[in-house]
Structure formats: C-alpha cells, structure tokens
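Taking the form predicted alone, here's one chain by itself in structure tokens.
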Amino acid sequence: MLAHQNITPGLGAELGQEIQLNTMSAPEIDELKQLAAERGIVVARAQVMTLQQQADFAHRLGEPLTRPMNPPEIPPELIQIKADHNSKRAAGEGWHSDVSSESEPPGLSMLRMEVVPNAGGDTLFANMYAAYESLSPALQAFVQILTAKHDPIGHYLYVSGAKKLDELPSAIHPVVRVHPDTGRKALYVNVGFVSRIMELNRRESQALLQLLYDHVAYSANIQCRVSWQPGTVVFWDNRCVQHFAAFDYFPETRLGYRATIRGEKPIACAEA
C-alpha cells in the first residue's frame, strides 16, 4: 500500500512527500484508487505537473469527462477552478458530489492547485459511509429503499457545451449506494443536485432531504478539512464523500484545475 498518514481516523489519507504522481506505476495507480475508495480522500503535496501531464494522468485513472468549450491552452480533460477579486461566489460552495445528475456520475475527482490565497480557501469533506452508518437502524432501513432525482444545475452548462439546462439529462439514483470497490453503503443525496425523493410526496421529500443534509453539514465528527498549497493535488471519491469549497478569501485569488473521472451507474443496496 502507498505510504500515507491518515488525516482523521475515519477519513482522508496524505501521501508521503517522496511520492510524485507522474512517476507512478500502473500497480501504484490501482493502489491510489483503492485508497481513495477506502479513505474517501487522498492528498499529494509538492507535485510538479503541467496541465498536459495532469490531463494524461487523468486517463490513467479512467475515462475523464471532457469540456469541449475549453480554450486551446487548457486540455479538454480539465476544468479551470478560479475565484478572484471579480468573483461573487466560487465553484464548489455548498455540500455536493460532483455532477451527480449524470447517469454514470463521477467516481474520482482530481484537483491540482496552482495559486492559493494567503489564508483560507480550504475544502471541507464529509464521509458518506459514516453519514449512513450513523443514522438510526430504522432510518437506515427506510432510506435504503428510496431513490432520488438528481437534476443538472447552471454551473454545468459551460462544462457540457449545452445552451440550455433542459438539454442536459436528469438521473434517478438510489439514496444509498454500494461502493463497487469496498462493498460499503454510502448516503448519496446532496443539496447541490437533488430535487426530490421519488417515493415520497413533496412535503415528505423536502423534510427527509433537509434532515439528511443537516446530518451531513452538522456532523463534525465525519468531516475533515484540507488546506491547499501550490502544487497540492487532492483526489476524492464522489461515491463516498461530499465536499464544500470555502470561499472565505475574497478578494484574493485561488486557481486550480480539476479532472473528473466517469464512474459507473450507482449500485442500489438490493442489487449488491
């Protein structure tokens, strides 16, 4: 297993300083993906990597989602993540799992930071294995049989190249999904994309979703916080974590590039 230290007992791993992603062998890439599946987040510091090298590395992880509207200097496998003195908000505010409205939503995401503010700009992560496991047994049994509708949001128009939101598909996913690489159950609803629980009426759906969102947001013992440095790369597994990018550094600049790797159709508990 790759040399690492745990960030908290239940969530996150930071790789040894001697590890450079660009020199990883194929077996080490497999270890990296398994570590992300088990720990949710993997942090690699002091990485020397160009935009093209990051795009090439993304292909070693799987099939990257592409952005057809990128300018020529940014490979289509990457999304620029930037906020500065002109920004009223930053990408990633609010708890979410990346692009969960896809029929095959992302597995791994990979964010590499180039410019960071003097202070702030951390990303918070929440463990969705633990979010599910810390529900009462009765509520665990109930949410396992439910599905939720995930709708695209405006931010992803520019990612997809579509002109209108109704050109982008919605998806229905299980509220609790089973991770294919660990066999563990994880809560899979997020405030960024989910519009309703399909088996409930709207009032019931809103009440249950709010309960689950509050459970994620206020359960500090299932969360960790990652501080960025130039050259830091963070991988997170969208199948078992949510994240929240803190925009507390205005008017300073934070600039990075994200690659997002296609996952599989979420596995419901009954299918596992």
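Numbering starts at 1 and follows the sequence shown. Computed from a predicted structure; not experimentally measured.
Just so you know, the form predicted in complex with a small molecule exists too; it's not on screen, but the next bit is about it.
- By the criterion of a heavy atom within 4.5 Å, Ile153 is excluded from the residues contacting the small molecule in the model of the complex.
- In the model of the complex, the small molecule stays beyond 4.5 Å of every heavy atom belonging to Thr147.
- Interface membership of Arg184, defined by any non-hydrogen atom within 4.5 Å of the small molecule in the model of the complex, is ruled out.
- Among heavy atoms of Gln140, none comes within 4.5 Å of the small molecule in the model of the complex.
- Residues of just one listed stretch (243-251, 41-49, 210-218, 63-71) have heavy atoms within 4.5 Å of the small molecule in the model of the complex: 243-251.
- Proximity to the small molecule in the model of the complex, defined as a heavy atom within 4.5 Å, singles out one entry of Leu111, Leu78, Leu108, Ala126, which is Leu111.
- Checking Leu135, Ala91, Leu200, Val115 for any heavy atom within 4.5 Å of the small molecule in the model of the complex turns up a single hit: Ala91.
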